[in-house]
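So this first bit is one chain, no partners, the form predicted on its own, shown in structure tokens.
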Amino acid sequence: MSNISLTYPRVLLKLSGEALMGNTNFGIDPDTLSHTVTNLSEIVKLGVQLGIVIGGGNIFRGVGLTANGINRVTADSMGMLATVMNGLALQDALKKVNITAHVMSAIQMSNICEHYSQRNAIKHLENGHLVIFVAGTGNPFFTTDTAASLRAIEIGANLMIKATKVDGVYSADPMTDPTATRFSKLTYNKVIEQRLGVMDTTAVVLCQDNNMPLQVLNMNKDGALVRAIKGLDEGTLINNE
């Protein structure tokens, strides 16, 4: 592992389930999974202690079923299980490139993965192992964005990264508005006041109240993760300053 000085030695990455789909409409695309693991291995080689919260939208989205009459608690529970499947797939892909990863679930399922414990999660990180947090917060009505903010705070991360399909936060939707400009830096107050939709409000307020810096970037852009962790200008950095 590298001994270079890191601006952010411990990082929590929020990775959406859709990020594993590639160009498919459902599930996990093997090539996309392999590319994701390549990006993650670059960070691990720097000596970064890395935790990941992964979503499940590529397999199941509770919002859709709720709109069609399924009980919200049931739908959210199904969504949590989808994140477990993604976490196990990611763990297996990491193992193939000799990276040790622990899947830790907010819902107890000891035959499949570890039950989440703050103490054990930090211990794994300090041992140089990657930790994949699944099943959200273990409770309905909370998004995986909120789970990511919570886990980032609990493990004492120096930075939370949200990987998206665009390279930061824009003044408008860059896909539909050619005049949209990227913010290189933002405050949490501005994100909330202008309703910029970076994450759900609960997740944003958790980060704001606990002084957790958040970097929004495009993970598919070559070198984006490494540049962010080195403290370089990449995507949009959001904090209280």
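Sequential numbering from 1, following the sequence displayed. Note that the coordinates shown come from a computational prediction; the quantities given were computed from them, not determined experimentally.
Keep in mind the form predicted in complex with a small molecule is missing from the figure; the text below concerns it.
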Quiz item: Which pick from N158, T100, N120, T143 sits with a heavy atom within 4.5 Å of the small molecule in the predicted bound form?
Solution: T143
Self-check item: Contact of G136 with the small molecule in the predicted bound form (heavy atom, 4.5 Å)
Solution: yes
Quiz item: Would G51 count as touching the small molecule in the predicted bound form under a 4.5 Å heavy atom rule?
Solution: no
Self-check item: Proximity of R61 to the small molecule in the predicted bound form, heavy atoms at 4.5 Å
Solution: yes
Quiz item: Using 4.5 Å between non-hydrogen atoms, is A75 touching the small molecule in the predicted bound form?
Solution: yes
Self-check item: Stretch in contact, per heavy atom within 4.5 angstroms of the small molecule in the predicted bound form, of 123 to 131, 109 to 117, 166 to 174, 76 to 84
Solution: 76 to 84
